[in-house]
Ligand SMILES: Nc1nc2c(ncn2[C@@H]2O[C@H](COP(=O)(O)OP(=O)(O)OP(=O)(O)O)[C@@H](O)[C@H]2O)c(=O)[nH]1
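In structure tokens, one chain follows: the form predicted on its own.
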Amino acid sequence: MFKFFKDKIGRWAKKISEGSEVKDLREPEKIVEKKEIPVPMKFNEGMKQFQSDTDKLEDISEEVEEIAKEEPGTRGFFEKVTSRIQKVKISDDDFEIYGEELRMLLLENNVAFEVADKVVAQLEGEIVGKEFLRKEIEAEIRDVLKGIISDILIEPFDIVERIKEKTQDQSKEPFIFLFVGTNGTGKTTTVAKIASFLTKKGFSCVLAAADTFRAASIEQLKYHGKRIDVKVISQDYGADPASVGFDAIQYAKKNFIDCVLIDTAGRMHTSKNLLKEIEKVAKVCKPDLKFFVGESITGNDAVEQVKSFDWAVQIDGIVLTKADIDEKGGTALSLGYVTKKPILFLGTGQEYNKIEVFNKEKFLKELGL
């Protein structure tokens, strides 16, 4: 999955360090000529530079040893050393072109425009005007980008610990989950997957079929409940969704069940009247956690969706489905940035065990950072 930074940073770093000609992506015919970084070509100049930089040799001791083993050639020993230790400064002109390329790369990989702008602007502030050893440019750019994106992604909290904190109390109040999102994102299947995940962690669960606007949805959740051996509370088609959720909570209290997972009808994020139904369910059921379920492959559409649902019920976390077929990964960045809420789960297939807790470090690594 993802890896949209893979190899790209290395190519940028190589171009900057070599001072090679760069094609401006905004004007395909325009070539920006970059001045070659001066390298001492004579022995005396090389000796002088070498002596002035002896304090830096510790950083490249391994490279010096490698140079000494090289076959004799036209390039002198000191010239080789000084060319290796010479620093490179990234100019505004350099970054204007590479920054535009980075912005395009982010946009092409489902990163929202406002997020792409933030990443580019922050990277510019971190690297422009600073000097780097030639050999360190790639690592520096990669580390700065990793830090920027890591800050955008909110660290996910431990759901298991949250449940334990509430259910270990003698009052035995159940932990309540509310799932919201638009049609067709795999929300009902995700409810079943998370219920299966929780039962494997030792928690008892009950499902609430609060999507009463589609009879097929009620039957679908019952089917999932039977397969994972979890009770489903439902009412007739057209019933009040909040009433279904309330019944499930009462059943959980009566039977000492740990978790209630409420599935709601998919809502168009542009319809305020439909969103008010979700608000009512949240008000009646008082969920401990409200999850937005969206598709990883949706891209910028998911940004507008999550904004609407967050406005309606103040979501606590995000579940992204179809992550197994997402080769871009930008949706996670965008949703994390606009909501300041964590990605908690990734759906990675159709089976009930194909859901994984979101790991920020793993995600960054898959991006090529």
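These numbers come from a predicted model, not from an experiment. Throughout, we count residues from 1 along the sequence that is shown.
A second form of this protein, the form predicted together with this ligand, is not displayed here; the remarks below concern that form.
S.K.: How about residue 299 - does it come within 4.5 Å of this ligand in the model of the complex, if we only consider non-hydrogen atoms?
M.R.: Judged by the heavy-atom cut-off of 4.5 Å, residue 299 is well away from this ligand in the model of the complex.
S.K.: Mark residue 266 yes when one of its heavy atoms lies within 4.5 Å of a heavy atom of this ligand in the model of the complex, and no otherwise.
M.R.: Looking in the model of the complex, residue contacts with this ligand include residue 266, since a heavy atom lies within 4.5 Å.
S.K.: Although this ligand is absent from this view, report whether residue 150 comes within 4.5 Å of it in the model of the complex, heavy atoms only.
M.R.: Contact check for residue 150: no, nothing within 4.5 Å of this ligand in the model of the complex.
S.K.: Evaluate residue 255 for contact with this ligand in the model of the complex, applying a 4.5 angstroms cut-off between non-hydrogen atoms, and reply yes or no.
M.R.: It does not: once this ligand is placed as it appears in the model of the complex, residue 255 has no heavy atom within 4.5 Å of it.
S.K.: Taking this ligand in the model of the complex as the reference, which of 122, 199, 234, 182 has a non-hydrogen atom within 4.5 Å?
M.R.: Looking at the other structure, the residue within range turns out to be 182.
S.K.: Counting any non-hydrogen atom inside 4.5 Å, which residue from 286, 276, 214, 87 sits next to this ligand in the model of the complex?
M.R.: The residue in contact is 214.
S.K.: May I ask whether 188, 193 and 349 all come within 4.5 angstroms of this ligand in the model of the complex, judged by heavy atoms?
M.R.: Checking in the model of the complex: 188, 193 and 349 are all within 4.5 Å of this ligand.
S.K.: Picking from 214-222, 132-140, 95-103, 201-209, which part of the chain touches this ligand in the model of the complex when contact means heavy atoms within 4.5 Å?
M.R.: Answer to the contact question: 214-222.
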